[in-house]
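First comes one chain, alone, set out as structure tokens in the form predicted on its own.
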Amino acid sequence: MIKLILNLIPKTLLSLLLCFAFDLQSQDQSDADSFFQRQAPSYPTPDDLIGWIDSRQIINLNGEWSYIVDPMNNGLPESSFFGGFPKNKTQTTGMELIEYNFETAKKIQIPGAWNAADKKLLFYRGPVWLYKKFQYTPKEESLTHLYIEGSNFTTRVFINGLIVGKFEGGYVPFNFEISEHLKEGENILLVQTDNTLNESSVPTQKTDWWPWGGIVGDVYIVETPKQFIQNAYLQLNPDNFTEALFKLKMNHPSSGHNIKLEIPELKFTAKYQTNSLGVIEENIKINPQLWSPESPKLYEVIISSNAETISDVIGFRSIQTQGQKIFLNNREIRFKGIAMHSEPIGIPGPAFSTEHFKQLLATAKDLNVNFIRAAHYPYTRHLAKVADQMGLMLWEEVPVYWNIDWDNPETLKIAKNQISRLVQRDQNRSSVVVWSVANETPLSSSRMKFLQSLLSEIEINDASRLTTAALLSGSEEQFRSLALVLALQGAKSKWVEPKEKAIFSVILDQANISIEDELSFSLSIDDPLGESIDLISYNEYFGWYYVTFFTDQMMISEGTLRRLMFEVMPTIKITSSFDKPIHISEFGAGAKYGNRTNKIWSEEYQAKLYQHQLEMLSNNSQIQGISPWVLKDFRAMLRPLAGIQDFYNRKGLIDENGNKKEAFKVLSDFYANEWNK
């Protein structure tokens, strides 16, 4: 009888029972391993991105979600006997052993970062589970999709205990078709987000901004016809302002779909049919009022098929370079900019909403800017939509930052996915004038190949905007030259103490330079990537970081070198061997709001640095744009200095609560008066 009962017990369950009944060491090692770790299941990757999302049939899942922290990744299906969160095991009799309970777990608002919502998790980097119940009635004639605007950095999605898929890489939107996962009535959406970074992730494991974790953008259930418009592109021909390129793609390659394009205010209506690939590509004749910062004109655009209608508001403008100049709508323009991070004013965590970006951009406009560098990663789509309305040009960027794992094909795959999804989402935003593929990346042949691949990905999706990367430049020989310029200035300056004057004299004698000589410093931006990009962008920190490079080598105090740097900065020349405009994508200095000591970290020092920087940049004719670092103080784990930084990067012109520092007025006045073009 006992033998018969044992034969009825599944082998896998029997194995688990035996693990309890006998010492594990007496079992086959594979049995013990299967108890603690199961084989990982297959996770599908997301579908092609659905565009024009704001005109789709959606159910908004934003709002209150439950969350459980899972530092050991115990809840995954491939984890141990104690896990299996997607099954959502619940109490029925009160006698079931359950290691988790989403119904009684802590709550969080989505969109939102869990390390902003829970102070105990501020420094936590690892998996967190997010849980949401929703009511749904499946429709046989439709497809149903899950759309997530952004989630950091590895995301696994489950519905009703079933695997939906996995997305690697943060910040950008993704969607899955989930029709087969849904049921009538109550459905359970479970999302595991993991903000862990490593040497092969994008961004890499060390960043100078906060690794906000969780779902950082809108979450929608989206209903479409079974044959639907995947995305559509409508942008002005930069060489002919009465012509625009219209491209459309269906979700499946099939011909004969009837498509109508309308721009009512322009009295434009045209009908087309998709080709065998489910694609339309046509040049259309229109005569729009052009979008510009002074007049951010937008037009309603309506696209209809036999099964659906989508719409958007789109501006028409041209952005080009000719030689060392930038032209908007054939009019020469300078980028009067500021850089920023996606963190709202006065609220901890990431910015994600229309309201967040309206406040940030309104504050930026107080600087008299016409340009925003949205560093160092994609923000939610609401940034570009607000910028469209407010007349601010945008630089958008992917987090290829510092030293990425250049030779890893999986790393490249993540980065290409990020740039393509960013471009496909914002390809119709008139405000977006620059796509950037990297920030401060060291030279190497593998890095060149990696970034060229990203530039090619942009070209596939959109060739109507400028491309760039924020570069580093300057050789050892060039900075040795700067040290000599500082030494000569120090030897000539009456305020320098005799001991330091003597050191400067020795340095000059060793270089065979006389105190009567005249020296100047010129830095050439010669990164070979400059051949492939439209805008030569350069991050420089004269008066802030560079001084620290010299103080130990020259045995001169940092205070003396900082003062000398201010004296020589107006004469510094920044050039490029490429006949293209230069954009200074970063400069700045840290300052704690309210610190009025006239020393480093003070508002006065930051303001002085801006004054000298702006004088220097005004004397460089190839420089046609600047975006100082940065609009607002932002969270950064690399910045622990107590009493000053307190894990904030303090280079903002306002602090985290919106208080304006002295340098805010310096830059505002410069744009209004000196660079009023």
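In this text, residue numbers run from 1 along the sequence as written. Computed from a predicted structure; not experimentally measured.
Although it is not shown, the form predicted together with a small molecule is what the next lines describe.
Using a 4.5 angstroms heavy atom cutoff to the small molecule in the predicted bound form, none of Glu332, Tyr671 and Trp675 count as contacting.
The stretch that touches the small molecule in the predicted bound form, counting heavy atoms within 4.5 Å, is 434-442, out of 403-411, 296-304, 95-103, 434-442.
The contact residue chosen from Gln624, Ser66, Asn62, Asn649 relative to the small molecule in the predicted bound form is Asn649, the criterion being a non-hydrogen atom within 4.5 angstroms.
Residue-level contacts in the predicted bound form: of Phe123, Phe327, Phe479, Tyr545, one residue has a heavy atom within 4.5 Å of the small molecule, and it is Tyr545. When contacts are judged by a 4.5 Å heavy atom cut-off, Tyr593 does not count as touching the small molecule in the predicted bound form. Under a 4.5 angstroms non-hydrogen atom cutoff, the small molecule in the predicted bound form has Trp629 among its neighbouring residues. The closest non-hydrogen atom of Phe634 lies within 4.5 Å of the small molecule in the predicted bound form. Among heavy atoms of Phe550, none comes within 4.5 Å of the small molecule in the predicted bound form.
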